[in-house]
Ligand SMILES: Cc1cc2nc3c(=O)[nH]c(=O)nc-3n(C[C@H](O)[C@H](O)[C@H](O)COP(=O)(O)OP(=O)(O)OC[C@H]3O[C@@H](n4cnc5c(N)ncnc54)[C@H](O)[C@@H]3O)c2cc1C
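Single chain ahead, written as structure tokens, the form predicted alone.
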Amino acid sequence: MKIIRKPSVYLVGRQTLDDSEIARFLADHNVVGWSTDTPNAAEALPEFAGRLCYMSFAKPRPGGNKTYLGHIKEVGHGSVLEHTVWNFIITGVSRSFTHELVRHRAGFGYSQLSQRYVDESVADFVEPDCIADDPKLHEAWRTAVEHAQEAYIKLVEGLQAKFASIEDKTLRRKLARQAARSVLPNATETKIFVTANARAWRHFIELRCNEHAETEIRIVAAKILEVLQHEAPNLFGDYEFIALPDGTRAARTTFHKV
């Protein structure tokens, strides 16, 4: 049994632009000479979408993409941010974490590891730092987790025997695992594929990269914000990190509910 203390995030997909189609649209509508000063598709798309709303390509305000998106955030016209999307894989997190994560619905899509199909007899477990740092609490936690996994293994074996008359091996395993998983704790490690747009990620960061959020999800939110600030500083550069007493980070911005 492996005990995990830190989550991992992997940026596996990002926004792209079709420059030739944008040029064709502009030509079809007699727009000459418009361009944006950002080479970043994630930043260019919401600018282009916002300018289309008013057909303001001919006389853009000075200041470029950064100023344009700053104004969008300032006035709260966040709908244009929904056109930019990122895809993350998050691992080394607990089922407690994903129970909270999937409450974020608007602008999010999820694909999570299935306990009906994946054998959890070799599962890892996520231990909170506040337990891991105390030897007595750590021992109590580890004992409980080990007993739960042992019970799961015994239940899977017993249920496989109970369903022996079912010829389909895949169905037999699924029936056994879906019932046996009922004894597994929230600490069971899971993996989840998450897709969300820029507006949804900002909402997630405001709520979860916050000192009042649960610790594990706050750590993940800070990791994602760090990636997104590198990916699209004009969209996420307004956030500032603040160190918290427990060693985690919160984020602050002057633009709320964009």
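Residue numbers run from 1 along the displayed sequence. As the structure is a computational prediction, the values presented were derived from the model and not from experiment.
Just so it is clear, the following notes concern the form predicted in complex with the ligand, a form of the same protein that is not shown.
- Within 4.5 Å of any heavy atom of the ligand in the model of the complex lies no heavy atom of K59.
- Although the partner is absent here, H203 lies within 4.5 Å of the ligand in the model of the complex, judged by heavy atoms.
- Contact annotation for R208: at least one heavy atom lies within 4.5 Å of the ligand in the model of the complex.
- When contacts are judged by a 4.5 Å heavy atom cut-off, V122 does not count as touching the ligand in the model of the complex.
- Interface residue among K73, H83, H104, R172 relative to the ligand in the model of the complex, by the heavy atom within 4.5 Å criterion: H104.
- Just one of A222, A213, A41, L26 comes within 4.5 Å of the ligand in the model of the complex, counting any heavy atom, and that one is A213.
- Only one of 75 to 83, 96 to 104, 184 to 192, 138 to 146 places residue heavy atoms within 4.5 angstroms of the ligand in the model of the complex, namely 96 to 104.
- In this stretch, 219 to 258, the one residue having a heavy atom within 4.5 Å of the ligand in the model of the complex is K257; the partner itself is omitted from this view.
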